[in-house]
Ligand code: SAH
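So this first bit is one chain, no partners, the form predicted alone, shown in structure tokens.
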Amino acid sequence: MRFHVVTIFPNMFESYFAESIISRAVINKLIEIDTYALRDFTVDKHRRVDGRPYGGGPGMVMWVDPLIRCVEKIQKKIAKKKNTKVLIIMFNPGAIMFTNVLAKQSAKKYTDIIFICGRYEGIDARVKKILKAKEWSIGNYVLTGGELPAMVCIDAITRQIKGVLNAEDSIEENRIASHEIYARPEIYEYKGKKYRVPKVLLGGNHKLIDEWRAKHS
């Protein structure tokens, strides 16, 4: 799986992708992550990528041309590979909600995903039309840009790729998982009160443990 991220802040991705599971997936060549600095694709002498919206209103709108130039370069790069299937994603709070199901489907269906990270008031609507891009949302709230949603989606999709996690049953939807989990010690005392691990988790009866986990999922 290859991820391509179009952004005006490529450095935002360096620290997150350099750590933990994502970093190991890159090192093991299970995924590739490339960021593209959008300002490198503008012909404006001040390297601007946005302008005032038609019809008035606050904020700035990201121009069509730099985005199209950037994505076309990515598409040419992808075209050099064999048997590719590409998905282009933009982010919109009102779009289809990104879920684990969508993450799993994307991991199986596509070889390359291009994430376009909007900023300011958003992206000129013609970009979506020209590129036939899909829109995802990671929640019913507004963020300052598409960088965090892109990180969330890359993280969730990467976990679905075979070999990324040490054990396949680490994927929560493949097993009975509970939001309520415990580890040592069995009894933890805090300010005179004892907090205990539920007895069912200590008994070794996996049928009862699964029933408890299902109830607390």
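The numbering used is simple: start at 1 and walk along the sequence shown. This structure is a prediction, so every number in the text was calculated from the model and none was measured.
Only in words, not in the display: the form predicted in complex with the named molecule, which the text now covers.
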Out of the stretches listed (124-132, 140-148, 71-79, 103-111), which one is close to the named molecule in the predicted complex, meaning heavy atoms within 4.5 Å? 140-148
Taking any heavy atom pair closer than or equal to 4.5 Å as contact, tell me whether N92 reaches the named molecule in the predicted complex. yes
Taking the shortest heavy atom distance, is F115 within 4.5 Å of the named molecule in the predicted complex? no
In sequence order, which positions of 64-85 have a non-hydrogen atom within 4.5 Å of the named molecule in the predicted complex? none
